[in-house]
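A lone chain, given as structure tokens: the form predicted alone.
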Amino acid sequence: MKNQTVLITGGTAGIGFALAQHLVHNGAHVVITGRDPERLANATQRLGCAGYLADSTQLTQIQALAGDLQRDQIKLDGLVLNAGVFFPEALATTREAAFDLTFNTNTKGPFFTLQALLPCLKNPASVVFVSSIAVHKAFPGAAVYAASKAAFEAIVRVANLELAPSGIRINSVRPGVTATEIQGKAGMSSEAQAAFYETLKATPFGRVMSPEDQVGAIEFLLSGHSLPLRNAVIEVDGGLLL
């Protein structure tokens, strides 16, 4: 990945930040996006990389991001569609606002980000979608989240056919339970998170995964080693699905 240019959406924390940190360390030119100016500034300072303010639910900001990249003459070897949200709620009590925000962030956001950044992608270029094992395994309270990730995976299949002439390949990583800020943002207390993570000692991996545990699969899909792959899915779940 040395000297490759990669943009990571939602790169201020969690898997996105860990990936950015790894790629910068290995000589890649990394660009991250974030929706909070203060967090974005802090992350770019810590990483030593470029950053652009862009909320994936705001189409005007996505379009502005594309314009800024073209203005700055940044061409991308890789794009990681990582920004996402999770609001656990039972089907019977899910509110329309939470449903819409989930789909706007997890499905509509990456769709229009990919569309807007097409002129910024090189030939060849790799796009990696950070999905979830919730597409494959049912979890109570995750119906809308699972559907939003599955919906974009369906988009990926079609996009691979349409974008093949431009040398763009799209593949996905499905992380299992990974200790990031998403659990806290979903409303889980630190005690509840600790108890949940404790149950994962029963998996073959023997512990909850860290953001760093997801980096290798994403890096492989970004690299030239994945050149023949289209619509491949790598489940990084620590053996939870066995």
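Residue numbers here begin at 1 and follow the sequence given. Worth saying up front: this structure is predicted, and the values here are computed from it rather than measured.
The following text describes the form predicted together with a small molecule, which does not appear among the structures shown.
Undergrad: Given that the small molecule is left out here, which of Arg207, His29, Arg39, Arg46 has a heavy atom within 4.5 Å of it in the predicted complex?
TA: The residue from Arg207, His29, Arg39, Arg46 that makes the contact is Arg39.
Undergrad: How about Asp55: is it within 4.5 Å of the small molecule in the predicted complex, going by heavy atoms?
TA: Yes, contact at 4.5 Å.
Undergrad: So in the predicted complex, does any heavy atom of Glu198 sit within 4.5 Å of the small molecule?
TA: Looking in the predicted complex, residue contacts with the small molecule do not include Glu198, since no heavy atom lies within 4.5 Å.
Undergrad: Given that the small molecule is not shown alongside this chain, does Gly84 nevertheless sit within 4.5 Å of it in the predicted complex, heavy atom to heavy atom?
TA: Answer yes; at least one heavy atom of Gly84 falls within 4.5 Å of the small molecule in the predicted complex.
Undergrad: Contact with the small molecule in the predicted complex for Leu59, defined as at least one heavy atom pair within 4.5 Å: yes or no?
TA: No, Leu59 is distant from the partner.
Undergrad: Kindly indicate whether Thr5, Pro124 and Asn171 are, all three, within 4.5 angstroms of the small molecule in the predicted complex, using heavy atoms.
TA: No.
Undergrad: Going by heavy atoms within 4.5 Å, which of 68 to 76, 84 to 92, 114 to 122, 153 to 161 lines up against the small molecule in the predicted complex?
TA: That would be 84 to 92.
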